[in-house]
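As a starting point, one isolated chain is supplied in structure tokens, in the form predicted on its own.
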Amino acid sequence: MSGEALTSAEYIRHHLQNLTFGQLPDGAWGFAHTAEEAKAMGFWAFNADTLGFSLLLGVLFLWLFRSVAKSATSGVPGGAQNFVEWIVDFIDDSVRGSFNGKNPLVAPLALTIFLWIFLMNFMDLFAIDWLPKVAQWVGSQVFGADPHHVFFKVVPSTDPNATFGMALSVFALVLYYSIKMKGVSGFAGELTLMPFQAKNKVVQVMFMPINLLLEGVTLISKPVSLALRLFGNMYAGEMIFILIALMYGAGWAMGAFGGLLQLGWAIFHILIITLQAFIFMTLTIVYLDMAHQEHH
């Protein structure tokens, strides 16, 4: 880190703090200098690093696929076209295996979710200090900021704001298609008439609050589980990289051991970042499939 040396606890806290923009205590708008200032900014503050990298990686994904599509050939495909076709076939097989309805939105949505989340997760494989040091240099040299007050997290999926944003977007689609396919009465019936049923109308009415409670919890748990699963796994992975990085300051022996640990964890982490993107995509397809099904 730039400037004065940080203690281990300060180093960890610095790496776990987002670059937050919002209203400062003096009423002006700007970037938070401490975690306390970021917390005091409240709901209307936003994490500039999360938004910036999310948009950048989204644009990168769109540009790559658009470039390959424009140069696609029916002859012998190149490496990029082979890769894109393999990804598209993989997503298509996943959708066909999990989605039984007819909706042209589902496959493109699944493709976008998988690759966008994978790219966001992939940022965790960059050396933990490289990009934050670049941000600190820019902040101090260009804007005259104290390097210790320039926070920079490069993995958007370690920010619960990003994971909940994606999960709530999926949840909105689930609600929309549930009502569109089943109607308001059908969707309401799905929430109040199952799982407990009775032929006696009075008993069925008594079951309605219980059914609504159980089905409501099941419904709300979908976006919560989507968001927290992705956030928890990526946050834990980032924390391990940070702890390994601390070993480099404990002498050459610990540094060498830390280098081996970092290499091993990075190789294993490739599986994690891919698996988390796949799980988020698969659950999205399954939830949308459930939204298209009518229960009788």
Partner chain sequence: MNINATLIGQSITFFFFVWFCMKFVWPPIMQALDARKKQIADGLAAGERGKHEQELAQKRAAEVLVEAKRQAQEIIAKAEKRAAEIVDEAKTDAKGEGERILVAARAEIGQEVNRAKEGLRAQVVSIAIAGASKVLEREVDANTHNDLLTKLAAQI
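Numbering follows the first chain given and starts at 1. The shown structure was predicted, so the numbers you read here are calculated from the model rather than taken from an experiment.
Just so it is clear, the following notes concern the form predicted together with the partner chain, a form of the same protein that is not shown.
The contact with the partner chain in the model of the complex, taken as any heavy atom within 4.5 Å, belongs to Arg96 out of Lys180, Lys102, Lys201, Arg96. With the partner removed from view, the residue among Phe152, Trp116, Phe207, Phe187 that has a non-hydrogen atom within 4.5 Å of the partner chain in the model of the complex turns out to be Trp116. Using a 4.5 angstroms threshold between heavy atoms, Leu62 counts as touching the partner chain in the model of the complex. Contact annotation for Trp44: at least one heavy atom lies within 4.5 Å of the partner chain in the model of the complex. Taking non-hydrogen atoms only, Asp159 approaches the partner chain to within 4.5 angstroms in the model of the complex. Looking at Glu215, you'd find every heavy atom of it more than 4.5 angstroms from the partner chain in the model of the complex. Partner contact region in the model of the complex: 105-113, out of 122-130, 105-113, 189-197, 207-215, criterion any non-hydrogen atom within 4.5 Å of the partner chain. Counting a residue when any of its non-hydrogen atoms is within 4.5 Å of the partner chain in the model of the complex, the hits in 159-184 run Asp159, Pro160, Asn161, Ala162, Phe164, Gly165, Met166, Leu168, Ser169, Val170, Leu173.
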